[in-house]
Ligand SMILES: Cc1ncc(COP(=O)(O)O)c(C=O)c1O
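Form predicted alone, single chain, as structure tokens, below.
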């Protein structure tokens, strides 16, 4: 090829989504396979959401509302902020990219914990900025003191993923307060809270409350997880300073949040009590799975998300391959560990059977 991309882009690894269970089932000759890799919820969409999507689809010959006005107004009321503090995007990962496009570029630095959301390094590289990775603590918590110490006069953005993907750990109230007090006003702190609805620890703060009165703090949320709209691609940002949200809206790809996605999000907010009750069912399953894993002797930390983290080290890829041979897809991170989504009880039981065999020393094949 004579036309070449930027050298840093050419060197980037491609984002690897979770494998298709239909493909794995065909490969193994099974009637079906189980996907516990992408942190989707196992529940089907609510009837009220399906009805809203169906009605909205009738206008698909028209462009969507580029300002997502109804969704923005609904979110502003829910978050008790002004509409100017809201930005809607094509999932929270798209909003991450928009933030970096707006606030970081060549010569700038972006700090995040590692291991954390695997899209951060890719998005920072695309922006042209320099990534600064700060290792997690021994029990997979953010080392906020080290992150604060890593800030230089080149730092423009700091991502704090809480609950952290893929480890499930969350930042405590006092720790976050001290960290935000230590960060210069010129540095934007992004609280990435894609899994906030699954948090049960009262000491884990709500980032939207922390953003109030802090112009350099913003919060990311998504409808992909707790609200069950992963296929719709819609998320939102709440900024302490309306100018931050305005800058993010300027980097929005026009019309990228579809009419049906906006309608699904508004309908989901209207049915929020029902959806959050589903989250509690996921939490109960999470606690059951964690207890069962600990009884087996697995080194599993407390999770505040809809997944659990198994630090398997060098055995990670062999374990994941063995799970696939049994028709269960997990998310491996080579050399570190595997992330397992909480599915329905039968799916979780199938995974626990494999874990039982693993800890008994029998091959997972």
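Just so it is clear, the model here is predicted, and its values are computed rather than measured. Positions refer to the first chain, counted from 1.
Another form exists, predicted together with the named molecule; not displayed. Remarks below refer to it.
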message: If the cut-off is 4.5 angstroms on heavy atoms, which of these, 156, 233, 214, 115, is the one near the named molecule in the predicted bound form?
response: 233
Listed residue (240, 91, 207, 168) with a non-hydrogen atom within 4.5 angstroms of the named molecule in the predicted bound form: 91
query: Hey, of 169 to 177, 135 to 143, 281 to 289, 187 to 195, which bit sits against the named molecule in the predicted bound form at 4.5 Å between non-hydrogen atoms?
result: 187 to 195
message: Can you work out whether residue 222 and the named molecule are in contact in the predicted bound form, taking contact to mean some heavy atom pair no more than 4.5 Å apart?
response: yes
message: Can you tell me if residue 86 lies within 4.5 angstroms of the named molecule in the predicted bound form, counting non-hydrogen atoms only?
response: no
Proximity of residue 161 to the named molecule in the predicted bound form, heavy atoms at 4.5 Å: yes
